[in-house]
Structures are given as C-alpha cells and as structure tokens.
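Next up: just one chain, as structure tokens, the form predicted alone.
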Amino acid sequence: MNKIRIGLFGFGVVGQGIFEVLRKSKNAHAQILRICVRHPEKPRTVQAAPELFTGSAEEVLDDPRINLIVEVINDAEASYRIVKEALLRGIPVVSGNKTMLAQHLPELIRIQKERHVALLYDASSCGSIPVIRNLEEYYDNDLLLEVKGILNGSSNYILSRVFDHRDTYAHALAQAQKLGFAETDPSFDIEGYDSLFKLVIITVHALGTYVAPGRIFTYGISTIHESDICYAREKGVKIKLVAQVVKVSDMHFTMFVMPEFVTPSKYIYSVDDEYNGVVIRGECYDRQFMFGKGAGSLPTASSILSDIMARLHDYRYEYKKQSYIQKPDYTTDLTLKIYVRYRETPIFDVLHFERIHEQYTSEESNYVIGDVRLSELIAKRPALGSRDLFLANIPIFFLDRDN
C-alpha cells in the first residue's frame, strides 16, 4: 500500500485531532478524502475544505479511491454498522469505539478472517498507550499472569483531586466536567463501564479469550463518601478505580472493575489526574509498567495515526492466542477481600461473608472488611446499587511477589 486514502467517520474532538495530526505529520503518507458527519454544514473549529464533508455513509463506502475507513463516532450502533459493512466490503478499518468493540468483537474477528481484511483499534483502550499491540505481539499467554491498571482518565482525575488536593468528590466531579474530562452525564466513566469495555478488549489480546461485558463484575466510584476517603487516608493508601484480568491458575482467569485501596509501593499509586497506567505482570519478567494520557483529542489521535501507519505496512492483528489449544477459562469461583461501607442497607442480608476481618459501627456510617465470593458479588450486583453503600477491593493477588 503506497498511500493511505482515508474515509473518516466523525469530526468531533477526536476526528478533528486526527485531521490536525495528519496535517502536521510529514511521514504519514495518508490523506483524508471524505469526512462523514451528521451535519456537514455545521461550523467547526478546525477548518477543513467543505467539499470533504458528506452526510452519506454510502458515499464514503462506495468511493473507490478510499482504502481505509477511520471511525471515531460516539454512537456504538452506528459504529457497528459502519465497521461491519466496511469489513464485509474488504475495506480495512481503524476504530476507537470501545463500547462497540467490546460488544461485537467475536463477530468482527470472524469477518476479518473470512474476508482477509484488518481491523485495528489501539486507540480504543488507554488512548496514547499502545497496550493492545504490545499484548498482541510481545506477551505470550502462557507467561502472562495479570494486566491491571487505571483505564479511565475521568474517574482518575476526580480521585486525584480528592486525595492529592483534598477536594470534595462533588467539587472534583464538577471540575472534571468543566475541563472536559467528564461528560455532563458522567455515569459511563464513574460507574466503571468505560474501564469495563477496555478490559474486555484487552483480555482478548492478553489471553485470547472473549468475555461478554455483562458477565463481569463492575462497580464504580459514584457512591464514595468522605468516610471512605478518611479511612483510606488513615491507612496511608489511595482509592483508585482499577480494572484487572488475572490468571488464578494455569487453566483459569478472572476479571473485574472495582475501586481499590492502592498502597504507595504500587506503580499505579502515582498515576494521577487524567493519566492512565497499566501494569503487565509475567511469570518470568515480573512487572512492566506503561503510562500515558488515556484520552483527549491529540493523544487519541496519535494512537489512531499509529494504526494508520501500521496499515501502510499491511499490519493486522493475528489473534494468535485464540488458536492456543489450552486457553484459560473465565471463572468467578474465587474469594475476594473487600471493604464495604454502609449505613442503612442490611449488608449481612445482602452479602454472605465467608470471613470477617474487621468491623466498625457508628451513628454516621458502618463498614466491614471481609471475604466474599466474586460470584456472590455478581449475583447481588442489583442490590449493591444503594446510594448509602460503597465497595472497594483489597488486593490479594501476588502479594508475595511485591515484597
């Protein structure tokens, strides 16, 4: 492929970032020929020639000059239709839509193989951090033990303001919204779904196995209270929203998204503001750490550019780990150690604790630290949505390796 000729879907913050990055890059060998948007006549901050814009997806897909579709729209269903249609037509695609990918990846992988066409999406997980391609190329399934980290910049910014600057949660959230790190409706980020969808995609490349998002325990930070923050400070730890996939035996792995008490000795303790940080742990190479901006116009656009350049050399994901004879199976049959703060919710009627390590009651709030099955947390997830309740994970995996 001598030159990349792009049909771009979406011209919001990321789409405009891609346009700017391509304009600045001297070695991209790529040109945007058409831009598909809902409102072609809408005035925009980044100036592009009016003739580039169209409101018709078919007009872009039918253009014989275009040899790469770049899709950066927010609508997951529209994204799915565009990406699937392009792949079926044999047109390679670069996508940044984590929601769509997490829900449809098995089908899209199948189409790639049948049509001998590539779909690249490094920008869908952790923005400027090239975690997917590194997992795909450099970390073998048999030796990989864990991928764990802070995958969402919005929630991390909020928690950083709380712990490093002693802001209240409400003020930190408002500040994140003012700066554009969080949406007007921030639930996608602070309830953990953004991290969840990224974790689903990462796990496909880490271990070769797809787990549907609905099967994974996900709990966010929206109910965090001053008493939780005070408890963490007293213990000398921070609370971070952490996503992880971890092998619990040779044949099984687990995964979940939860707030976690993070000690100063951990790499992710110092990942602050809107940054992301990913720890990859292996049997022989211990821990390796990747750090960078997880979102934003130019960081995401630079990741998209990396995928565009990869297509210049006909790169595609090979999904080698999916063909392994002994892939590990997903399990929720294991025990986690968790902190639960509650006030009125009858927590011992909701959750069965196998063991209680610590318990405290007062007029203002109560907490219990105990062992609970992950399967129990998933089964009781609807009952754990009370506003007077907050959960946090207390790490139990690989403690012997971190001394």
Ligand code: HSE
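Position 1 is the first residue in the sequence shown; the rest follow in order. The model shown is predicted, which means the values in this text are computed figures rather than measured ones.
Keep in mind that the form predicted in complex with the ligand is missing from the display, and what follows is about it.
Checked against the ligand in the predicted complex, the residues 80, 219, 139, 181 give one hit for a heavy atom within 4.5 Å, which is 181.
Among 257, 102, 304, 151, the residue placing a heavy atom within 4.5 Å of the ligand in the predicted complex is 151. Using a 4.5 Å cut-off to the ligand in the predicted complex, each of 98, 194 and 198 places a heavy atom inside that distance. Although the partner is absent from this view, residue 122 stays clear of the ligand in the predicted complex, with no non-hydrogen atom inside 4.5 angstroms. This chain is displayed without the ligand, yet in the predicted complex the stretch 152-160 from 237-245, 84-92, 223-231, 152-160 comes within 4.5 Å of it by heavy atoms. Residues of 74-88 include none with a non-hydrogen atom no more than 4.5 angstroms from the ligand in the predicted complex.
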